[in-house]
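One chain is shown next in structure tokens, namely the form predicted on its own.
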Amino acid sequence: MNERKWRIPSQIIRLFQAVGRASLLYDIQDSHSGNMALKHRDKKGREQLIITASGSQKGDLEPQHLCALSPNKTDFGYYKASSETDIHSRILNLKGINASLHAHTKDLVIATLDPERKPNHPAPFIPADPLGYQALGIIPVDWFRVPSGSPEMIQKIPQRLKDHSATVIQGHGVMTRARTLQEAFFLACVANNSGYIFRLLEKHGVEIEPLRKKIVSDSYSCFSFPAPYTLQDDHSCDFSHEEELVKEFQKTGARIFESRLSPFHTGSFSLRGVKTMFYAPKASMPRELGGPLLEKSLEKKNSDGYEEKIHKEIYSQSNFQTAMHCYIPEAEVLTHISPPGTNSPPDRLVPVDAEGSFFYLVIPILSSPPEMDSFLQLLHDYKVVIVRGGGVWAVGEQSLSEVLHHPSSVREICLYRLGARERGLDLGKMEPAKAKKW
């Protein structure tokens, strides 16, 4: 078949370009690493496997960097298809799977390294955070003598992905399989976020194995679980006629993603209307990928999702105009680090930097699942609350810009506090005296 018969639709080209740029921005690829594949049926009903070309720059993909494969012949174009095409092809033959992604998730790769003599059977990776544990569960890790496109990988990786949404190639990266390319990217981002959290916990002396055992035996006492990933139309908008409002939602979602306040398509935020709320259920939205923008009744319904219920509860019990939920990895880590002179989990986060101390004397920390009355009262008093195993919740009295400032500040406060610990500084002496009377 010639190139003209296998023309790739422009919307698919734009999708690959957007995911490629977001992957580079989120730092789960280097300039040329990784690959993406998508199963597509053309207007004539012919099935295609569309995959990135070998060595292509994922942050700067052009149409000629995508290859369309038929069951019996490959249209290579100027570039050739990825060396891992056979692996992707077998993954996409799994039932219900339409997309796959290989990413150089550096934090997860580092978290799954071991010094054992090879060949060996590495231990699986158990996430210690709610996003990773719900979306990925226990992630298999495999060592391969040739960790790129080898016959051993072609056989092993699709077998792993029959039962798991992600699998780790030790020392190389992660492969995910999903229903859409956006979901495959979501899984890779969440996987690397889990690796990052593990690394920080380990660096700061948290005993990880007891925590993991508790998670595996009773995860519901450890986490306030997020809703499963949905396949809502990410370009849908219930209030498209409100151009300025749409622009503000898009800007807020992009800032959450770019500032690492929450992995791709996680968290949520909302703005109260008269009888409705304007709602972004996939808060972390790169500028080109976006997410659904919905208008929902403020009336509580049994069919409401977990996060949607909390947004509605906040508005029913207060005069706040905005609410936001993010999964800040540094905040999750600090909920497991005992304060100076104690051996118990913290019930507050105390800023040690100038700006953090100016805005917040302390920030409350609650356990999962939070008791709703206490949660709402603390939000009313402090405007931001951290839930161990449940993310960061914030409220505002006016705009999305106002409420965004809270999780953004929380991340900086956490980075300063973690940095001071890494230097061996005495945090007890650095905390404002009045914070101790909280």
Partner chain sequence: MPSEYGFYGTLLEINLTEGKINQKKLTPDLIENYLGGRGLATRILYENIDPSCDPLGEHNVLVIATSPLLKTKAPTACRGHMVFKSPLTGMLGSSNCGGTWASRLKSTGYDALMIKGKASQPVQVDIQREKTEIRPAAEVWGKDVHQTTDILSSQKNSSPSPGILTIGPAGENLCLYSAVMNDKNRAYGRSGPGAVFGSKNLKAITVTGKMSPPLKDKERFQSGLDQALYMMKAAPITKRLLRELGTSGLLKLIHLMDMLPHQNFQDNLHNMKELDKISGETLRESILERVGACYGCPVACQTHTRVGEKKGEGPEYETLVMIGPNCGIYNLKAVALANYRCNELGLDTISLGGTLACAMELYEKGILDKKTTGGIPLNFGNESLLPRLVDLIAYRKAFGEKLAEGSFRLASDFHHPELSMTIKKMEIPAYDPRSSFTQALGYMTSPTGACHLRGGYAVSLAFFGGTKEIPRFSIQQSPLAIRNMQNLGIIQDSLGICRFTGFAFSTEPWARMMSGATGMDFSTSQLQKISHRIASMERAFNLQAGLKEEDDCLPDRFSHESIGVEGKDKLISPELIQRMRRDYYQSRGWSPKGKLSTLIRADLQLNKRYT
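Residue numbers count along the first chain shown, from 1. For clarity, every value in this text was computed on a predicted model and none was experimentally measured.
What comes next is about the form predicted in complex with its partner chain, which does not appear here.
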4.5 angstroms heavy atom contact with its partner chain in the predicted bound form for residue 231: no
4.5 angstroms heavy atom contact with its partner chain in the predicted bound form for residue 371: no
4.5 Å heavy atom contact, residue 405 and its partner chain in the predicted bound form: yes
Partner contact for residue 383 in the predicted bound form: its partner chain, 4.5 angstroms, heavy atom: yes
Among the candidates 162, 241, 213, 118, the residue which, in the predicted bound form, approaches its partner chain to within 4.5 Å (heavy atoms): 241
Contact assignment for its partner chain in the predicted bound form, among 123, 110, 254, 245, heavy atom within 4.5 Å: 245
Proximity to its partner chain in the predicted bound form (heavy atom, within 4.5 Å), stretch among 353-361, 189-197, 325-333, 149-157: 353-361
Contacts with its partner chain in the predicted bound form - residues in 373-401 whose heavy atoms fall within 4.5 Å: 377, 380, 381, 383, 397, 398, 399, 401
